[in-house]
Every structure is written in C-alpha cells, then in structure tokens.
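Just the one chain here, laid out as structure tokens, in the form predicted on its own.
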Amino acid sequence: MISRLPRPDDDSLAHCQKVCASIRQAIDEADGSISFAQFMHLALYAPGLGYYNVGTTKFGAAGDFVTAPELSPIFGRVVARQCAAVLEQLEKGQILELGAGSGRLAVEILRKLTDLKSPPERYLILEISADLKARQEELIGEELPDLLPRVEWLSKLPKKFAGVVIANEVADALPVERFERTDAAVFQMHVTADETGFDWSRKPAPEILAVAVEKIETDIGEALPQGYQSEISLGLPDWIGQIATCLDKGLVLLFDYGVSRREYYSREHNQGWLRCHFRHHAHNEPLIYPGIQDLTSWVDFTAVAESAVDHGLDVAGYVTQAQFLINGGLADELAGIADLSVAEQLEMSRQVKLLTLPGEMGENFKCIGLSRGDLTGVTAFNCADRAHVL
C-alpha cells in the first residue's frame, strides 16, 4: 500500500519518526503491546505530536482530505438556514461548533446568518488544537472582521447552553477499539512494534469491550461469524452524553459518514470501517505514517441515538446529507444561479453534485438531529427521515 501513496516530504517523515518513537515507548511501557484505541489516540492527539496537534495543513487541496464546508459554501449556507430557525425561537441563542477544522464552516454560517438578519448572540468554538484555533481565528478575521468579536474559543463544553450545536466530521475521529470475534471469545486487537514498524496482535477482550460486542449481537439478532473483525467507539456514548448534559434547549446537528448498527455490523462488512487519509488518498493501512495521516472510522448512528435518548434528548431526524440539503433550503440557495456567468453556473453545479450525489458525499454522509425542548421550523428532517432504521 505504501508504494501506491505519495511519498511524504522530509519534514513530514522526520515528524512521523518522532511519533513512532513516542508510540514505541508507550508499547514498551505496556509490556509489548497497546490496544488499537490507544494507538489511534496517540497518533491523532498526543500533545505536540498527534496529527491534530501539529501545524500541518489537513483540510482542502493542500491537505489530506476535503470536507463539505471546503467543497462549497452552499453547505454552510443551508446549515445556517436551519440554525436561523432555531435561533429565532430562543432568547440570546448561540451556536457551538465542536472541532471547527479550518474555520470555513463558521465563516459561511456567520455570513449567511448575517444576510438573514439572524446572527447568533455568540459563536462558540470548542477546539482542542492550538494550531487549528489559530487558523480558524485568522480565517474569520480575514473574511468577517466585523463578526470576529462574536466568536469565542472554548476549552470545554459550556453549561446551560441554548442554541445549535454543530459537529461536522468529529465523531469519526474518536478513537475506536478494533476487535475480532471467534466462536469461543471476543479478542481486542493490539499493536506491537519491531524494527520494521508496527503490526497487529490480539489479546482477550477486557470486559467492557466483550460486553459491548455481545450487546451488538443481541441488537442485530445474530452472533457475529468466526473471524469477524470490526470497530466500536466505546467513547462515543459518553461524548454524546456530555453534549446532552450541556444542552439546556436547542438542536444538535451531527454530520458524518456512517450507518445504522445493523448495517455497520452486517456480514458483508467483516473487515470493519477504518479509513485512512493521506494526501487525498484513502486507504486501509492505519499502522503506517502515524502522526501524518488521518485515522477515522465510520459512525454507528444507532449508538448516537441510543446515548442521546438515554440522556433525555429527542431524535429530531436522521437523513442523508443530500436530503438534509434538499430539505434545508438548497433550492433557495440556487435561486439566483441563472444570473451567474456560465463558468460560475458550471462550478456551482459541480459543487452541488459533489455534496449530493450518491457516488460522492450525498449518501454515505448522514446528519442526525438531536433536540431538547419544543422547536419548530427545522425543515431538514421533513422528508426521507430514516430514524426508524436506527
């Protein structure tokens, strides 16, 4: 696989070697192996070393992957329309974005809400990366200097929040446990190290993982077959619970690639849902290039819904990204397309196709809405709601 990927530049390779040394030390201290969840956490979030804690470009053409806000401003504008419907019903309503990436989504939401004469009291951003925070602040300051004073960066979730919480491609980056099911037991996949790099091993699963896998089997109504491998995000329910605890009234919009539990753990997907991104090449080798490639896993949206309900939230809806955009005001955003130049029309059409076509982002990416309190006017879940499959 490495032979088919672009060669990292010298600086990236040097950084990767530092990350490898740090992970090797953790493996040595753990008597020869660490769980994949620990490996993923170190590769992505180790202070000063992890992928999201260093100053490399991650988003857009110069990075490793492109998210919907970078593909087109239309995505942020439609999200803003749904935000406006909620903010109009709340006194001093705010927006809270979790992991704001490049800051592009914040820019487009703030710009559109200003056009709609419905700006939020505050636009809060919870960002754990100092580098990304600096990039977000620079972008917002350049494009919307008058609105920058409304933006506030947080280090932890606020209390008694009222408004809209947005998480675009955040849940997929939560560390996951990788497991293997045999007829006799559940095994936890571990990572070992030698002079050539990192490799897989396995150990009997700790109780929390074994119980979680057994619950999956109960939910889907059958035992996973011999040799079945997949992932589970043990931290996802707690993450959703923390969001629910902070939300006093309002709406959570969680966008990510993912499926229901029954689809996630189907027999056809017996190698799991791990995905790696390096210089716009997607592959399935998570143990290479730690610290300089992104590691993600598709989201079990049933787990999201379960945790939300357990913490007193309602599931407002569950739709594909395409349906969210269509229901949420895509046609209104395209109303003036005839007034654009032919080149501009073609570019907008290209962007819409990337956002909505099943072969692009339209089908694999979903949006789940979670709410607390009586809210009206949110149109994104009015049609083709799939919540019944969760």
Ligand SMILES: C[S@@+](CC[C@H](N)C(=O)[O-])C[C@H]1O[C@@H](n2cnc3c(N)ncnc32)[C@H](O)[C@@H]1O
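One-based numbering along the sequence shown. Keep in mind that what you see is a predicted model, and the values were worked out from it rather than measured.
Although it is not shown, the form predicted together with this ligand is what the next lines describe.
- None of 128, 116, 287, 90 but one reaches within 4.5 angstroms of this ligand in the predicted bound form through a heavy atom, and that residue is 128.
- 100 is the sole member of 100, 95, 176, 109 with a non-hydrogen atom lying within 4.5 angstroms of this ligand in the predicted bound form.
- Exactly one of the stretches 207 to 215, 166 to 174, 246 to 254, 145 to 153 approaches this ligand in the predicted bound form with heavy atoms within 4.5 Å, and it is 166 to 174.
- Interface residue remark: residue 132 is counted as part of the site for this ligand in the predicted bound form, having a heavy atom within 4.5 Å.
- Contact check for residue 70: a heavy atom falls within 4.5 Å of this ligand in the predicted bound form.
- A residue is said to contact a partner when one of its heavy atoms sits within 4.5 Å of a partner heavy atom; residue 239 meets this definition for this ligand in the predicted bound form.
- Within 4.5 Å of this ligand in the predicted bound form, a heavy atom is found for all three of 45, 52 and 65.
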